[in-house]
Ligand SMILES: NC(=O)c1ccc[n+]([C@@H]2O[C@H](COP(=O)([O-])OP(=O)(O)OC[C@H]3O[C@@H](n4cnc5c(N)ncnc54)[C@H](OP(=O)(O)O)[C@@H]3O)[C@@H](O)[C@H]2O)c1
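The chain below stands alone and is given in C-alpha cells; this is the form predicted on its own.
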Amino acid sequence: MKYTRLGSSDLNVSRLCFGCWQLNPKFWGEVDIAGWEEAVRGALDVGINFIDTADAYGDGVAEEELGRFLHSAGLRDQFVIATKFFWNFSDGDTRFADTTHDYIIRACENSLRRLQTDHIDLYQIHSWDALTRPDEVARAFATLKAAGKVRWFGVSNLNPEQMDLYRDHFEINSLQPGYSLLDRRIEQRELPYCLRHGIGVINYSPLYRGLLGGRYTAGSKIEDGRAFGPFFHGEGLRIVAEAMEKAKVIAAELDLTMAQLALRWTLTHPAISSSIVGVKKPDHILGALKATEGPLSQEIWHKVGNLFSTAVAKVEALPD
C-alpha cells in the first residue's frame, strides 16, 4: 500500500480510505456486520490505515459500530480516524445545519463517545452552512485542539470562496469532495485551489455510488436510494453502460477491472491524496487494491476521461 501526507498535517494516510457511509441503513439497507468487521480487519492486513465516517451516517449508527468494533478488537490506534459534523439531529425527528460553537463542541463529544476514543484524528465540516460563523467555528476548533480531542481539521463539499472564509480563521488540512469519471466538476476550481494551498483531497464516491464498479448493464434494475439519479435508469443508464463497455476494453489491456480503472483514474490526479471506497464486505476494499499500484499514463487518463465526459453530456442533453 502506498501512503501520502495529508495536506499540511502530520497524518500519513493510505491512498485508499475505508468508507463507512454504507453503515447508513436509511440509504443502503441493513449490513452484515460480521462481514463488515472482516473487511476492516482485511483492510488493515493489506496496509489501509485510513477510515472515514460521519455522525450523520445513520444518525450515529456508523460511528457506534466503528467505535464498538475498534474498541473490542483493540484496533483504534492502527487507524487514522476521520469523522464529520454538520447536521443537528439531536431531537431525533428533524435535521438542520448547525455550525455554531456550542453545537460543534457537543457534536464532537458525542462522536468521541460513539467512537469510544479520546481523540479524532481529522474532524471535518460536512457541508456549507448558509448561516456559518467562521469565527465561532475557529473558536470551537481551538478549544477542541487545545484539549487534545481533535488533531487536525478539514472540510467537505466546499468551494474555494467558502474555504477562503474559513482559512481566514483556521487552517484547513483537507477537502472531501465528490470526484469520479461521472462527476469532474471540481477539476476546474477546487482541485487547483487545493494544490495551490497545500490542502489534501480525500475524494468520495470514486465509483459514483457503485455505478462504475462494472457490474451494471443497460438492463439492470436499480431500486434503492440511487434509483432516481439520471445515470441509474432508462436511457441514462444505457448511455453510461455503453461507455463502461468501452472502458472495460481499456481496463483489460491494463489487467484491471472496471472498478480498479475508475479508482486509478481518480488517484492519478495530482491533487488527490486518498480515495474513499464505500465498504459492506471484504471484496469491496480488497478488490480495489490494484488501483493503487501506479498512475495511468497521461494518454490513457484523458482517453478514459473523455469516454465518460461524452456520456455525461449525452445524459444531460436528454429531455426531462
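All figures in this text were calculated on a predicted structure; none of them were measured in a lab. In this text, residue numbers run from 1 along the sequence as written.
Another form, the form predicted together with the named molecule, is not on view; read the next lines as being about it.
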query	finding
Stretch in contact in the model of the complex with the named molecule, which is absent here, among 181-189, 111-119, 208-216, 241-249 (heavy atoms within 4.5 Å)	208-216
4.5 angstroms heavy atom contact with the named molecule in the model of the complex for R226	yes
Contact of R264 with the named molecule in the model of the complex (heavy atom, 4.5 Å)	no
4.5 Å heavy atom contact, A56 to the named molecule in the model of the complex	no
Contact label in the model of the complex: D52 to the named molecule, heavy atom within 4.5 Å	yes
Check all three, H101, Y103 and G154, heavy atom within 4.5 Å of the named molecule in the model of the complex	no
Listed residue (E38, D283, D45, D32) with a non-hydrogen atom within 4.5 angstroms of the named molecule in the model of the complex	D283
Partner-contacting position among V304, A311, V13, C20 - heavy atom within 4.5 Å of the named molecule in the model of the complex	C20
Partner contacts in the model of the complex for 67-98 (non-hydrogen atom within 4.5 angstroms of the named molecule)	K84
